[in-house]
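The data below hold one chain only, encoded as structure tokens and taken in the form predicted alone.
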């Protein structure tokens, strides 16, 4: 195969991967480049990148939980109200009842778990559709937020604000950058290099499998390490007192943990099985009620965490918190490649979808677009992106969603002739 063919096939890894699989990533890059030009370089400044991470970390956290809900074949309309309700409960407990703020965080997570379990009970054991349960929850917990807070704002103490407005601290010698952010970036580069090396070793040990050419691995590493280093120096080189946000650290930990869970554990695969074909999953031994209950409970916990991070960044909880958050989370998941019918989607895809919406929203604000037009453009972008992808998939053309989801799609059984006289066949399972 030519070097061009090797690069096209193996640049991003996988036996069937090519650059087209990462269409949404290229869309994100194109949007960043467009607004970088339109804003005279403001989009990729240190201050804007730090602010962007802080402003949209809570939406990305919501999108992780929403992905699992949608993959399981449900929808959750209550996440914004749950986040707002949890925020006011925690703010009241800390500010008016003297609860230490670390205990307040634990309280918030417990409140989110109880709310998620409540909604999960109706979905899993009573059989009420999640759409109806969470629509009721949206009204119930929005009213609860305003009732508990008396439609007023409740401030939170400085220590609690760290999870939403804090940064990695300044330590070590004066290098002109935030040293912890530099170390974090270098650690991430080392992890990327190790992952590439480990993947090559695994493929070398597999019978009949060949790793990508060494020069392709080198190109792939150069691209990924280059992007990481660029972002590292941007975050580390902000104004004094700022660096990589604590909320970004929380989001990164969640992305790693949930990516591992959905890809490498039986529980994660059960969620995809239920969303793909609930009846078949049940016949194969998957406990539907347990899966649905845990998915809704998990969504409640992540909604509570997102609400607390938002309150911490805003320094107070208010009656307008959480409005339309569920729409942003759902949009991020679908733009990131999830199937409307369930069964398909990835955590990383949802994060990319969230970044697309965040950069689009941020860029439109930077160029002075009115709030009304921002909403119109975001809505049209969401509709156009999904509609174009669905149309291309129906026409047999390249589909962003279809290609991003290819690792989760089972190939049809292949047949191998054993005996041409009897025409016996052997069915080989898909990957």
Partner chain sequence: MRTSLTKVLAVGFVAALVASGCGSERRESGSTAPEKGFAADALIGVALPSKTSENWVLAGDLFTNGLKDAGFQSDVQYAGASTTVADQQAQITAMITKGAKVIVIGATDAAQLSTQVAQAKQSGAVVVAYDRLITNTPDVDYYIAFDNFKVGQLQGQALLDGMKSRKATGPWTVELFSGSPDDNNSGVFFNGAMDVLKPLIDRGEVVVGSGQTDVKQTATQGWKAENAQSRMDSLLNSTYAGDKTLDGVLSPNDTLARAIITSIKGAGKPIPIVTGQDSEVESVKSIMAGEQYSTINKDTRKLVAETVNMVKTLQAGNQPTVNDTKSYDNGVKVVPAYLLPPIIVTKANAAEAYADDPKLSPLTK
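Bear in mind that the values here come from a model prediction, so they are computed numbers and not experimental data. Residue numbers count along the first chain shown, from 1.
There is another form of the same protein, the form predicted together with the partner chain; it is not shown, and what comes next is about it.
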Inset, instruction - Identify, from the list 288, 135, 252, 229, the residue with a heavy atom within 4.5 Å of the partner chain in the model of the complex. - result: 229
Inset, instruction - Quick one: from 176, 127, 98, 102, grab the residue that has a heavy atom within 4.5 Å of the partner chain in the model of the complex. - result: 176
Legend entry - Partner-proximal stretch of 348-356, 270-278, 110-118, 235-243 relative to the partner chain in the model of the complex, 4.5 angstroms, heavy atom: 235-243
Legend entry - the partner chain contact at residue 318 in the model of the complex, heavy atom, 4.5 Å: yes
Inset, instruction - Indicate whether the partner chain has at least one heavy atom within 4.5 Å of a heavy atom of residue 155 in the model of the complex. - result: yes
Legend entry - the partner chain contact in the model of the complex: residue 372, any heavy atom under 4.5 Å: yes
Inset, instruction - Decide whether residue 161 counts as a contact residue for the partner chain in the model of the complex under a heavy atom distance cut-off of 4.5 Å. - result: yes
Legend entry - Contact set, 35-58 vs the partner chain in the model of the complex - heavy atom within 4.5 angstroms: 42, 45, 46, 47, 48, 51, 54, 55, 58
